[in-house]
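This text opens with one protein chain seen in two forms, each one given by itself as structure tokens under the names structure 1 and structure 2.
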Structure 1
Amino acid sequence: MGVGFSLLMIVLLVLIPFLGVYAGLEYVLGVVFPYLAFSIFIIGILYRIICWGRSPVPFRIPTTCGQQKSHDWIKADPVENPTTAFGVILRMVKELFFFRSLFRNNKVKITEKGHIAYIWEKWLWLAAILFHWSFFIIIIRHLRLFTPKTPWLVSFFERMDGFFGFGMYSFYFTDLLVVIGLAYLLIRRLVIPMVRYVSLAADYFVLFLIMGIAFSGILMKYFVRADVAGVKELAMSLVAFKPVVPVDIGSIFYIHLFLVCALLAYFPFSKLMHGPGLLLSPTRNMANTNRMKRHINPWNYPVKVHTYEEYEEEFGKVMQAAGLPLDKQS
């Protein structure tokens, strides 16, 4: 049900720009939708971050897996169980760039003898690394469309990524890696029963949407050539807020652009926010100093309490008549 619905939504998203080009709506597809999608993207992310930042965190709740700092003769893990800001930074760097938590993933299995066995499981981590890093490099490569002169960092990534050359054209290795990563993530959701059971239509929709962006970009790069000069002219005019829509760029470009706009607009309201959310997660960004410092809840306010002494003073005679022991004997 979720797979079919998600595929149908992607087909509809592809048909909108395809029919829009034939209807002469290039300006709407090339100017209005990108500005609208980018505005939703920025405002939505800021809104989510503000909401997360206003959420109270009354206790230190870091999720750790290493030895906590205690006695000097017990070796502690300063990164997996950090007690300093520097340790937290190192832990976050490992999480953001190398997916530390995912790398520690193991599969639990009950053997025939009834014993618990932990099996090495790194394929999900590898697929996530391939997808995220390839997608990041592809985004960096696209920055050349928005500047008059290609920045040196973009040129560096292009040379490293496109070392396979075929005549005048170069083959970007990340184009293949991002498809492999996406394919594994999709097959995993379809094949593994437990993962398929918890998968929703929104999970498949994001995968199919990014796949649509990747395949349309690959088609435009290697098979159905678009007017690159016209694409760069449009991109630079959008950045300068003086939009100009060149003619005959190609319908494949508008399909690719519309899918990117859909991803940008959907991003702040989806599970894709796990990236920015990781930076604000108290289970990750807090040092584990529960034994070193007493944590005082900053939201505490004076509360009038009824102490036991006052309670006994008020109900002492009734308690004494009932045979209950009293701290203060009358």
Structure 2
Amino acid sequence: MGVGFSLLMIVLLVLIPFLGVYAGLEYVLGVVFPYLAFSIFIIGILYRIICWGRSPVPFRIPTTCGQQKSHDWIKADPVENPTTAFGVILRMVKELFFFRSLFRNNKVKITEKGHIAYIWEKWLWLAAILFHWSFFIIIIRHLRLFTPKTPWLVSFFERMDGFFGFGMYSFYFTDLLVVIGLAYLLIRRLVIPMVRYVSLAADYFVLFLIMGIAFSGILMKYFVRADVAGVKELAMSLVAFKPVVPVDIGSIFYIHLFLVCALLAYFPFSKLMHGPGLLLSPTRNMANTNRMKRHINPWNYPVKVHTYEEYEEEFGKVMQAAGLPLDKQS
């Protein structure tokens, strides 16, 4: 559902800067929107995280995916069933950077004989890893535009990434991988019936949006060259809060930039908050020290219970007859 609608939205999002450049609105596109979008992004994320954080975690509910710590002669799993802060950190690192849980994925198939087979299915994991890591490295590479001298980390990534470049043309591997990753995520969403059935317009929209960003970026880099010096001038002026808009950077750049702005502004209010959400997810970020250390529920309130006295009141007679000791001698 919503594939068409999402595509339409992307077309509109591309048309806006295209027409904008025609109308001479470079300042709005190059300065106002980026500032606006970036502010929404930062404030929005903070707002959402604070909003989540305002709700307490009343119970300690980690999903335990390994042996608990009990006897010292039974080997506990200190990461998948952590009891220390360090263990929790390791678990989170595995989840955040390597998508540990997604790596467990398999596929159920019921054979003709009625047996259930659990089929190897790490493609989703692979595509997600390719996409996220490439996207991440691409973002790091972009930092070059914002600083007079390229920071070492950025050039390190550039060198790794551009390893396959040849001659005059540099070629970044991540540009290819990000597209492959995205394409797989989109295709599986369309062809796997179960995923397609539940997918919403929002699910397609982000995929199209990021693809739009990737394609416009690739176009700009390898085909319709934009004025890179001009772009850098604009970028640096933006971070210095003294915005200058160089002339004639090219509409392709403004399309790229506008889509990025759209992503930034959309981010905090969408499922893209899943990254920050993982950090706060109680089933993953809590230690299973459940019986070792009392967890406090800030809103714990007294409830109506059935006391022993009430129980004895009702059953005292039969209890006595059965020879059970009573509190009240009657």
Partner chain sequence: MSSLPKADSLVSKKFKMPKKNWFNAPFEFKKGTYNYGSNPKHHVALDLPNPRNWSPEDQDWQLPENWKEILLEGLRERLDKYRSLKIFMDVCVRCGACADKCHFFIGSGDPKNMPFLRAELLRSIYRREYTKAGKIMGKLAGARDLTEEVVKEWFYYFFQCTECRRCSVFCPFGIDTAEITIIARELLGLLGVNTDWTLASVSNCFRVGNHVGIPPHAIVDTIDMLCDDIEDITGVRVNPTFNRKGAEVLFIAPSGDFFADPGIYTFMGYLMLFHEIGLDYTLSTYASEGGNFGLFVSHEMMKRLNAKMYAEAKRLGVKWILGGECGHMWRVVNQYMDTMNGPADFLEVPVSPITGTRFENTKSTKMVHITEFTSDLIKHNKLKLDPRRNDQYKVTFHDSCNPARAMGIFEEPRYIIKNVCRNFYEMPENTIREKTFCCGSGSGLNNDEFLEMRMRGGFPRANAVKYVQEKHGVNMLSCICALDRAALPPLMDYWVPGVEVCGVHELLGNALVMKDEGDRVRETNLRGEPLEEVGGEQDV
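Every residue number counts along structure 1's sequence, beginning with 1. If you're wondering where the values come from, they're calculated on a predicted model, not measured in any experiment. In this text, rigid core is short for the largest set of C-alphas that superpose within 1.5 Å between two forms.
Between the pair I just shared, point out the form predicted alone. The chain shown as structure 1 is the form predicted alone.
Once the core is aligned, does residue 18 move its Cα by at least 2 Å between structures 1 and 2? Not so; residue 18 is displaced by less than 2 Å.
Spell out whether the Cα of residue 114 moves at least 2 Å between structures 1 and 2 when the two forms are superposed on their rigid core. It does, since the residue 114 C-alpha is displaced 2 Å or more between structures 1 and 2 after the core fit.
If we fit on the core, is the Cα of residue 248 displaced 2 Å or more between structures 1 and 2? Shift at residue 248: below 2 Å after core fit.
Superpose the two forms on the rigid core, then give the C-alpha shift of residue 308 between structures 1 and 2 in Å. Rounded to one decimal, the shift is 7.0 Å.
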